[in-house]
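Single chain ahead, by itself, as structure tokens, in the form predicted on its own.
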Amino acid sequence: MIPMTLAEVAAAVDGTLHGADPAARVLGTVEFDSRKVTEGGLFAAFAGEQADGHDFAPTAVAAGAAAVLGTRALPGVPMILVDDPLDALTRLARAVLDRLDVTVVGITGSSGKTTTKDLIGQLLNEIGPTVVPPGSFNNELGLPYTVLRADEKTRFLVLEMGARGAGHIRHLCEIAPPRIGVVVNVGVAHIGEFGSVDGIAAAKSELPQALPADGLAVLNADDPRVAAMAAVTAAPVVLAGQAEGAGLRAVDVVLDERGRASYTLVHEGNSAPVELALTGAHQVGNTLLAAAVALHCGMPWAELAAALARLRTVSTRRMDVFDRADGVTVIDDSYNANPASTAAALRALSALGGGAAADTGAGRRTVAVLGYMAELGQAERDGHAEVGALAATLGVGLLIVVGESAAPILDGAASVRHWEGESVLVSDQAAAIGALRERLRAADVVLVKGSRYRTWDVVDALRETHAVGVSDGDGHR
């Protein structure tokens, strides 16, 4: 955050100083976790269901906090008293942003927005100092928290924008008005909260609607609902994708044995070969969106292909591919799941297994450990069944489904004629680990994916090669 006196902070948040020196300065970061407070920082005390941040205020001050943003006075603690700490944090973020000369890039989408945010952040950081949120800090708390990481040196501020209903993205755009807006896709994630895919599209369109006439809307040309958002923005539009009408386009896409894409990047009569180090065909579209932002922000065309080749996964448990000493390859995509992201992950699994070659015995056996996909509403059963049908169609050799709520995945797989894979329904993550212990073979490729119900426990067991061994194919170890 930029240096500010406590008096300036209090004025910005419409707060009152209590036991604090008005001339004292905030020189560190703004935190809502007392364990992360730095010297000269500001601690925001939130009252949650499990804990009250005010109880940790003395600890934060002892760790060096210049003051505590809270709702009640505490003895011996310099305070900025406000009615609502979240509203105060929002006001402070806007006040700080108004003092900075930065380009704000907003990103939204039903799936892939965190990965795309990370890719954009990496490219922009090659142009100038860039602030990017860690993980999925994309709500009414995470977004102002990220804004407050920016300072006078920051040139680009990349913000992920999530939504649980209509108006949410509009509110986030009011906190941090974007100059560039990126819409990745529109899918059925959170459809239980929006009611329909059209409702989701309307909510995502709030980002391009918020852009100024001298900004830029970067839209996925391969998603018709996203491409149609060109009609609702005052900003110039770049369509990026593999569709013929895309202004920034990938052609001749090929996947290697690790599921990494190479393609020819085409833009305004120029072309360049690109080789990605990222796993999954879906990363082609993500990198095109990132490339469009980078070009607009000043990255020279001659440097773009090499910059795209340097891109890596940043946020944890998203298409993180690793090899074990026993020959097993694991795709850790366990952070979250919806039908679209699971379909993309299953296709990446198939690519690593050898695709159609695996069906003839020439490739590696593919194993999918799939958990429940949340917030699908009335589309829940069909969404899970479609994922199961795709897994079977792609020739997954072993399908382990975690939890009764995800059981329709098995029904979908069973509906695919001539599928010869094995399917198992287990009760929880521990049982999934046990099923792998009994069935895993050397050279298998394993995908683990689910909606935040500790699906990553399975991955963590797979990282410990002694915890989940492999058989010789006949059940022996």
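From a predicted model like this one, the values you see are computed outputs, not experimental measurements. All residue numbers are counted from 1 along the displayed sequence.
Not pictured, yet referred to below: the form predicted together with a small molecule.
- Among T103, T115, T130, S205, the residue placing a heavy atom within 4.5 Å of the small molecule in the predicted bound form is T115.
- This chain is drawn without the small molecule; in the predicted bound form, the residue among R347, R260, R318, H168 with a heavy atom within 4.5 Å of it is R318.
- The candidate site formed by T90, T146 and L159 is entirely out of contact with the small molecule in the predicted bound form, as no residue has a non-hydrogen atom within 4.5 angstroms of it.
- Contact annotation for L399: none of its heavy atoms lies within 4.5 Å of the small molecule in the predicted bound form.
- Though the partner is left out of this view, N286 does reach within 4.5 Å of the small molecule in the predicted bound form, counting heavy atoms only.
- By the criterion of a heavy atom within 4.5 Å, H282 is counted among the residues contacting the small molecule in the predicted bound form.
- Looking at K36, you'd find every heavy atom of it more than 4.5 angstroms from the small molecule in the predicted bound form.
- Picking from 150-158, 69-77, 336-344, 231-239 the stretch near the small molecule in the predicted bound form, with a 4.5 Å limit on heavy atoms, gives 336-344.
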